[in-house]
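Just the one chain here, laid out as structure tokens, in the form predicted on its own.
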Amino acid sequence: MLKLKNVKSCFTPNSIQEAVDILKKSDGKAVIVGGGLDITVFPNPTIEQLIFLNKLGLTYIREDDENIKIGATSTITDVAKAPVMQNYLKGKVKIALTELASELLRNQITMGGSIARHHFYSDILPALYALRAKIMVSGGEFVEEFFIDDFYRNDLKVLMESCIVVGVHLNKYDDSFQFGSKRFVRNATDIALLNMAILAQIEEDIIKDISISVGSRPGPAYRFEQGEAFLRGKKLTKVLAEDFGLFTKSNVDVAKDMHLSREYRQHIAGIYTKEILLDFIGGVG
């Protein structure tokens, strides 16, 4: 925090419009603060203004007939403990959230911060990609909805200089859908060195629809569309799960870094996709 020695002003706006106005006038020298984890871990000495969102009523988890609506300042713990998440996709999303990082960090990581910061190692973003989340962004006088794929096609730095992520909406899926996720870490509280999530619609053992995402690869999370095309329309069997593991190993887009080789990430990705599909077989019917 000592690196934030140039901070001259802290704001606690009473409306989103007020927060956006401050952000726009800051000439790129303000940062939005939800849970505060990011500025603690990555203090930016060029920041002169902090804009806190705690008075804006963005900590909530609500539902309507079609969506689960999560406010931007809701923490991972808030979401995991929300009653609506208990049975959402058979509780698999809740389990995934409760296995991330440590309890201390889950109490601080917000959904809005995870989306806006777009850290490559985030465990949240692959899940949101697979769930086809919709990102709600406000410029003050308007709220615009982006499908997550489209949201990250924006110049995020430019967008976040004039808008605030105010929430995320998750589609409600019927019982024909299954969700699974995996993360490779050196210990329970470490950042992931590879993470994956799959959402699949399976009817009469046929994969009708599917979304697969891969993150911490070490680039930004992405949709593994080549893998989706491989699986869509096929009968889900143990043989298919084995075949898809090999397909993933050969075709997933991962790279090396100081922690893992490209070949090892490919190997892990193949194992994870096979294991998630085998878990789906156990959950069918």
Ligand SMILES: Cc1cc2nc3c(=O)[nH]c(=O)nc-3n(C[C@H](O)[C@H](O)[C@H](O)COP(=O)(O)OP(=O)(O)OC[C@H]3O[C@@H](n4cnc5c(N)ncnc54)[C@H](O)[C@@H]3O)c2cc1C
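Counting begins at 1, following the sequence as shown. Keep in mind that what you see is a predicted model, and the values were worked out from it rather than measured.
What follows is about the form predicted in complex with this ligand, which we do not show.
**Student:** Please check if V79 has a heavy atom lying within 4.5 Å of any heavy atom of this ligand in the predicted complex.
**Tutor:** Outside the cut-off, so no.
**Student:** Taking any heavy atom pair closer than or equal to 4.5 Å as contact, tell me whether I70 reaches this ligand in the predicted complex.
**Tutor:** Output for I70 is no: heavy atoms all beyond 4.5 Å of this ligand.
**Student:** Can you tell me whether K92 touches this ligand? I mean in the predicted complex, with a 4.5 angstroms heavy atom cut-off.
**Tutor:** No, K92 sits far enough from this ligand in the predicted complex that none of its heavy atoms falls within 4.5 Å.
**Student:** Would G113 show up as a contact with this ligand in the predicted complex if we use heavy atoms at 4.5 Å?
**Tutor:** Answer yes; at least one heavy atom of G113 falls within 4.5 Å of this ligand in the predicted complex.
**Student:** If you check in the predicted complex, do K208, V214 and E228 all have a non-hydrogen atom within 4.5 Å of this ligand?
**Tutor:** Contact check failed for every one of K208, V214 and E228.
**Student:** Which pick from I202, I148, M85, I191 sits with a heavy atom within 4.5 Å of this ligand in the predicted complex?
**Tutor:** Answer to the contact question: I191.
**Student:** Heavy atoms within 4.5 Å of this ligand in the predicted complex: which stretch among 140 to 148, 127 to 135, 99 to 107, 168 to 176?
**Tutor:** Flagged stretch: 99 to 107.
**Student:** Quick one: which residues from 115 to 130 get a non-hydrogen atom within 4.5 Å of this ligand in the predicted complex?
**Tutor:** If the 4.5 Å heavy-atom criterion is applied to this ligand in the predicted complex, 115 to 130 yields A116, R117, H119, Y121, S122, D123, I124.
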